[in-house]
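There is one chain below, alone, in structure tokens, taken in the form predicted on its own.
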């Protein structure tokens, strides 16, 4: 790289603009519900109705015992009173890190609506029956991917041909047995203790509303506004 290439790249970044589908929604935090889940479900539904591609995709951040964070994009499988659900192999990097340190964070970004949601808390593994049901509920391609990655996800791959052979066998098994299970597959539920909603505003007077779990075993939620 030379100085001209560096400056050209910086100029490119400075010239980029965020494109929205139209006028941004107006978010009045005074009308927000007492708990974060209903608002999350509404925002995700509105993102889907606005044509946001993959509104159920989210960034999952974890850190193991070495405290070095890692992130990846995963799919939301459900969101209910227990928390936000996602699946992975226990033997994957994220699975190993969650075993060492259950604290994790999720981030959703819906560009068309100018919205973000951040969820943080403790991820707990659901039971084997729920994990098996979660796997059965996936598409044939997703089931095949889970079968192929069982015990191997995040491990070093010897060659791409090895991956192709494993997927061919997994697709054949998924077609033959749609109820097949992967022994390392687990459903996780992130039990939130903090949920933040972020709504962009054209003049950059962005709205940030944070829910925090109140102290106590059965504590409710405290709401507070944050400076953008």
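Here the structure is a predicted model, which means the values were calculated and not measured. Positions refer to the first chain, counted from 1.
Another form exists, predicted in complex with a small molecule; not displayed. Remarks below refer to it.
Just one of 83, 87, 149, 121 comes within 4.5 Å of the small molecule in the predicted complex, counting any heavy atom, and that one is 87.
Think of it this way: in the predicted complex, the small molecule has a heavy atom of just one of 109, 93, 103, 136 within 4.5 Å, and the residue is 93. Although the partner is absent here, residue 153 sits close enough that one of its heavy atoms falls within 4.5 Å of the small molecule in the predicted complex. When contacts are judged by a 4.5 Å heavy atom cut-off, residue 57 counts as touching the small molecule in the predicted complex.
Although the partner is absent here, residue 141 is not a contact residue: none of its heavy atoms lies within 4.5 angstroms of the small molecule in the predicted complex.
Using a 4.5 angstroms threshold between heavy atoms, residue 74 counts as touching the small molecule in the predicted complex. Only one listed stretch (169-177, 65-73, 42-50, 24-32) carries heavy atoms within 4.5 Å of the small molecule in the predicted complex, and that stretch is 65-73.
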